[in-house]
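Listed next as structure tokens is one chain, alone, in the form predicted alone.
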């Protein structure tokens, strides 16, 4: 079964302005009348809004309700298509729709419904609040859903672990011709490298030290090349092992242009061994080594910007990503995979930790999304040829305080500390934009 793109409605962002209806009416009827739009924003009387629009249902009731066979589900696009030549205007389709997604246009004299504007919905382009979003993540399922999961079932990750999601997606996409390096951290900690003589992956995997992951992986890759076999040399490392004691081997491999894909899962600390701080832990964060009390109010230094440091190495590819934006992540994973065939590719993925960050497991993706929407995390990619470019610019960011309040590790912050974080975020965004505006 295929998955399809869809238009998502975020009711909490909708202010009822009606711009989406006007845009739809203009696109479909050349009219400014919202009444002729194929979606309707409706007030619920309590200050919130709902959306009446075709949901392109998987099992649409409107189709069997149509006695003239004027409606059909297109199995390639997922759109429920209406054939005016067959329609007899009986309106039985409107009775079968639970979402008021197909309605009578009195001016046109026939029913109308959303067709997603061929993949570029006018309503989504017009909505300035992000209440409407065109989701194209169906491509991921259609392209990789049938690929084999190369991690075994039953890994011992924490409840709601974002890292396990990332591991499985990554290795499924990279494929079986892979040698995996998993240094000490959450990845081997949940059993990915195996135990009792059995491995946790279906590809060759080894467990280097924190200090030599990139060096060992470079050696493995060179051995395979001498044997005439093409494999992907992949590292799944934590931020501690990459930014701290492992930085010397990481920097050396990048400087030499070793052909590998080095993916850092940044959960902002040494979470597998007791939630200690790393150099990627942000300012003010609670960890077991930056406690909160009379003498300390969390980490007193700002986080190391490891991805920008890797740009300074002029790697074949550098990018940041988040599991809240999987389409962006997969595009960058594909780019990094291709770059690793000719040089050093570095992919830095921000991965919220439910245990160490102190928030409910069910809110993992929500936390990851808020980080990007507040500019706490900036998504971009870099190549020496094209330079740095933003891939998900946020020009009107959400208040960073909303993000901080979602995490228990920031519960103690003072107003001065919050001001420091806000200033740092502004400075970081400015630095990234300055890089993006510079010529390669």
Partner chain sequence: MLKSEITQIMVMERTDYLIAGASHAALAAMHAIRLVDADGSLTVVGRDRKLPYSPTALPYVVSGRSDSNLVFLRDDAYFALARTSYRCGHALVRVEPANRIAELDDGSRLQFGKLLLATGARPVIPSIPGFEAVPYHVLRTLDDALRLRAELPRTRHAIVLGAGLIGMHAAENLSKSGARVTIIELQGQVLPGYFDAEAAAIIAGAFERDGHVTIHTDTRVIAAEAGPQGVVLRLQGGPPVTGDLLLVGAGVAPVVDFLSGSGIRCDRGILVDASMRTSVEGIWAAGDVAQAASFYDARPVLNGILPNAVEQGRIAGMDMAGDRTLQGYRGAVPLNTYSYFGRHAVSVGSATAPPGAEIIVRSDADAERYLKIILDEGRLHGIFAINTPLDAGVMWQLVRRRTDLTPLRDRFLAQPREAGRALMSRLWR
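Positions refer to the first chain, counted from 1. All figures in this text were calculated on a predicted structure; none of them were measured in a lab.
We do not show the form predicted together with its partner chain, though everything after this point is about it.
Engineer: Does every residue of 304, 319 and 388 put a non-hydrogen atom within 4.5 angstroms of its partner chain in the predicted complex?
Structural biologist: Spot residues vs its partner chain: no contact at all.
Engineer: Quick one: of 99, 283, 134, 141, which gets a non-hydrogen atom within 4.5 angstroms of its partner chain in the predicted complex?
Structural biologist: Comparing distances to its partner chain in the predicted complex, the residue within 4.5 Å is 99.
Engineer: Have a look at 165, 309, 90, 147 for me and say which one sits with a heavy atom within 4.5 Å of its partner chain in the predicted complex.
Structural biologist: Of 165, 309, 90, 147, the residue with a heavy atom within 4.5 Å of its partner chain in the predicted complex is 90.
Engineer: Given that the partner is absent here, does residue 411 sit within 4.5 Å of its partner chain in the predicted complex, heavy atoms only?
Structural biologist: Flag for residue 411 set to no.
Engineer: Whether residue 94 contacts its partner chain in the predicted complex should be assessed with a 4.5 Å heavy atom distance threshold; does it?
Structural biologist: Looking in the predicted complex, residue contacts with its partner chain include residue 94, since a heavy atom lies within 4.5 Å.
Engineer: Though only this chain appears here, would residue 84 touch its partner chain in the predicted complex if you measure heavy atom gaps against 4.5 Å?
Structural biologist: Although its partner chain is absent here, residue 84 would touch it in the predicted complex, with heavy atoms inside 4.5 Å.
Engineer: In the predicted complex, is there a heavy atom of its partner chain that lies within 4.5 Å of any heavy atom of residue 399, even though the partner is absent here?
Structural biologist: No, no contact at 4.5 Å.
Engineer: Name the stretch: of 367 to 375, 22 to 30, 399 to 407, 38 to 46, exactly one has residues whose heavy atoms fall within 4.5 Å of its partner chain in the predicted complex.
Structural biologist: Among the listed stretches, the partner-contacting one is 38 to 46.
Engineer: Who in 372 to 394 is close to its partner chain in the predicted complex, meaning a heavy atom within 4.5 Å?
Structural biologist: Heavy-atom contacts to its partner chain in the predicted complex: nothing from 372 to 394.
Engineer: Between residue 47 and residue 406, do the C-alpha atoms lie closer or farther in the predicted complex than in the shown form, with a difference of 3 angstroms or more?
Structural biologist: Farther apart, by at least 3 Å.
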